[in-house]
Each structure stands twice: as structure tokens, then as C-alpha cells.
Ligand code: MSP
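Listed next as C-alpha cells is one chain, alone, in the form predicted on its own.
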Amino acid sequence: MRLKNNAFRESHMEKYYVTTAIDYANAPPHIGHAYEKIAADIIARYQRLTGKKVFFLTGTDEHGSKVEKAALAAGFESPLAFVDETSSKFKEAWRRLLISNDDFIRTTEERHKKVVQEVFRRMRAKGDVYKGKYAGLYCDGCEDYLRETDLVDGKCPNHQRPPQHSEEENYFFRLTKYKEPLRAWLQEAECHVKPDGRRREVINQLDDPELGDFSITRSRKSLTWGIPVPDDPDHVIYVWVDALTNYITGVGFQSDEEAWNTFWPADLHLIGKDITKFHAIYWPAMLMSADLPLPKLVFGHGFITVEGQKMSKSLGNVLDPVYLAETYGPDAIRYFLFAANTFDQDGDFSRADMVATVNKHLAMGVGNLLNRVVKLLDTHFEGTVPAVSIEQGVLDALEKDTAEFRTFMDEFEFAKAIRSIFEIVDKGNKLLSEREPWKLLKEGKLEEGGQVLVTAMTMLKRIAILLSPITPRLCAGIWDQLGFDSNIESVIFRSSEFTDPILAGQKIRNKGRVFEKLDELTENPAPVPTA
């Protein structure tokens, strides 16, 4: 198990385990993948800020027919060689976007194979796995069987193409045995699936009499690229059983007892809304069968369109997150995606809107506030924080805005949380405009002028901490210019470093603008290269 961020630094700390869906490794990453990973990263960074011991897992899903076909089409000698390359592209994209995951799991790893086979054995020993024949419609894109009633104009609604008729002998999982326990879990007072509209959808799916036992293997005659069924090498384990099990592999099931006992069950499975059924019906049923605790929450977020259109290779609008990070910087991408979109609904990425929003909020809002303050401190106080008092009303307002921010973050209402931070930014800029400290200082009113500057610095300190989960690089720059030698990522809400005002005598570091305005670029952002 590969750990970062001092995940085991204090045994008495509360824990928080967040996962993303693992991305299918048949093509490079795009902005839709990035949207979810940035959201999970914001959540992980926020939970660290609350003082919790966090484990954050992401990775790639590397078995199945789509990978096998993509590897062949791309001319690779084996599917493994293909996913080795594709997986590295996902890792690089998340590095460029400042994703702070503690582990990156690949389903082709030996540790994962052992866990998948152990879960299969447990379900079989429980009497929940049996052999049977399946004949029906199969969507290669969903990697799931569909019914006629699922289709729209004869096509899969998610992939806009007709499913293929498939017939073969498989192993099946007795989902019907777990329908009532699942219904009870879904209807508990502590909601396990959010938003509530998605929970209601899942309950409706569960109540559908046509939702029965489902196939969990494929014959080697139709699929060779998968984990072998224990004691039956003629079958490989179906990709959804393989993929979902990553959540327990990554946190040490069967390999790291301390990590497993610390972090499971997951506090949050963060997923796209199209795979809610698999995470809220199939996965908890499998865990029940294997006698393992169920996750605390499954959250199905909305999708991202580009310039108002669904991403499509034919439209040439499938955006490469590495290109975006290189062109605009990771903080700009991270900020716009979550300041401009409501997370539980579908959102949009517009380059023009991003440039305008980021310039207004980060360059002219936060950046301008910091620039004005440090310049005046440099000019009139030799870059040293003067010994002045701060009005109690300002401190009380900061606590109110912080409480509001935390309420929104706890509910994954990122846009509202960001707005609460910018209430502080607006108050800081208004303070300077109304009190005009430059005039006070020119008139020799050093205490009055210094009080305004130190008040604004205290606001900037709080802004930097609260905004750091969203724009970590920008906030590290603000923290440095405010004169702190510590790492902003080590700050937690209950620490004196968070609550104390700026100390007199602290030396600020005027390094120029902390965030430059983005140019109005004219070229089209580069699409993701096809495999």
C-alpha cells in the first residue's frame, strides 16, 4: 500500500475514505474524468483540513472486451502493454491537475486479482453463485445486459448504439436474495445514496420485477482478458465484479490489516450518475454476500458538457486535461469547474466563461487584494506586520463565513462554498476601498492605516486556507507572501494556526502578482488524441 500525506500520522484522528470510479483504460483521459477526480481531491483536501485522517483512492479499470479490442486496434502486442501506456496517461493527468490521491490502483495488479478471487469464493461459499445460461441483449459500452424496455429507439440510452444479442453459459449472482436487505439499507434514516433523486431512481430499479440475478463471469470463448474464476479456468470474472472490488483492494483487504481496519467502510464512493445502479445495488449486495461492511455513502454527480454540447470525437470537443492544465494552469481549471457548476447536476465547460470567471475572481478578486496589501506593507512598514488590534466584528464575520463554507462543503455544494469564500474577498476589497489605507499612511496615521492592512491580511489568511482545497497552488502562493514558513496543507480548523490572527513582526514576502490574468486565447483547445 502506497501512502502519502501522513495518512497514519495520528491513531486517534477520525478517518475519511473517499474513492472515485476507476477509469476505463481503453482511451486517454478527458475533462469528464478530470471533473470527478478534482471533486474527490477537493473533498479529500477539505477533510484533511477538518483534521481527519484521509485515504483517497483512484485508478484504472483495465480488463474487459473494450480494452482487448482497443489494444488490438492500436497495434499493441498485448492488452497489458496497452493498459500500461494508458494508465500512465491517467497518472500524469492527475499529477498535472494537483490530485492528491494516496494510492492509484490498477485492476491488472496481482494484489487486486487475489482480492477479486477471494470475494468470488466467499460469495460462492455463501450459496450466492451458480451456473446458468444467458440469452439476451448486451451493451459492450456499458458492459452490462439490457432489456428491451431499457432501450431508446432500439439503442442503449448511454451509448447511442444498438446492443448485440449474446448467449452463453455464465456464473450468476443471486441478487434476488438481497433485494429486501438492499431496500432496507436504501431507506435507512441516514441516507446512503445521494442526491435524493438518484436514491429514488435506485429504489425504483430495485423494485423492478425484471431486475433479477445477474451474470458475473464470461466464457473464455468470448473474453480472455480478465481475472480467472477460481477453480474454473474456462471462465473469467465479469468486469463489474472486478472493477467494484478495487475499493477494498486499495485500502488493504487481505494485504494490510491496519489500513483495512482503519479505513473501511468507505465514507464516500464518488461516481458518475450513469453507474449509480452498479454502486448502489450490485456492490452492496456483493458485500453483503461476502460478509463485509457496506459503504456509508454513494454520490452520483452530473456530467460535464463542452461549450454546451456533449463530448464527442466527431465534434472534436473531447478535451485533454493535460493540455488544459498546461495552457491555463491547474488552479484555473479546478476553480472554474466547481465555481460555475452545480455538482449534483450536469454542468458545462466554456473556455470564454472560464477565462472571464477566473480573471474576475482569482486575478482581480483575490490576487488584487493580496497585491494591494503587501505593496503597502512593503512601502510603509518595511514588509513587517505592525502591532495593531483587529476589530472583533471582523473576526466574528470570518467565523460566520467559515461556518457557512463548512456547511456547504459537507453537502458537496462546492459552488455555494466558493461563494461564501468570496464574501470574505469582497469584504476585504470593500474595506480597502472605503478606508483608503494609502491615504491614512500618507497622512502619517500609521496605526489606523496599519489596522486596515492587518485586518485585510487576516481576511487573506482565512481566504487562503478555505480556498486551498479548490486552488492549492494559488493558496500556497498567498500563504508564502503572507509570511508563513509552514505548509498550508498542514493547517487544520481547530489549530491555533487557523484561529490566531496575523502576528506582529511577521515578515511578508512581496513577490508580485500571485495569479496572472489569463489571455483570451483564440486557438481551439486540443482534443484528446485517440488511441
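Residue numbers run from 1 along the displayed sequence. Here the structure is a predicted model, which is why all the values come from computation and not from measurement.
What follows is about the form predicted together with this ligand, which we do not show.
- His30 is the sole member of Lys53, His30, Arg462, Arg45 with a non-hydrogen atom lying within 4.5 angstroms of this ligand in the predicted complex.
- Checked against this ligand in the predicted complex, the candidates Glu307, Asp274, Glu413, Glu118 yield a single residue with a heavy atom inside 4.5 Å, and that residue is Asp274.
- Annotated contact segment (heavy atom within 4.5 Å of this ligand in the predicted complex): 294 to 302, selected among 294 to 302, 436 to 444, 224 to 232, 398 to 406.
- Looking at this ligand in the predicted complex, residues Leu175, Tyr178 and Ile281 place no heavy atom within 4.5 Å of it.
- Contact check for Leu244: a heavy atom falls within 4.5 Å of this ligand in the predicted complex.
- Remark: Tyr35 counts among the residues lining this ligand in the predicted complex, judged by a heavy atom distance of 4.5 Å or less.
- At the 4.5 Å threshold, heavy atoms of Ile22 reach this ligand in the predicted complex.
- Taking non-hydrogen atoms only, Phe349 never approaches this ligand to within 4.5 angstroms in the predicted complex.
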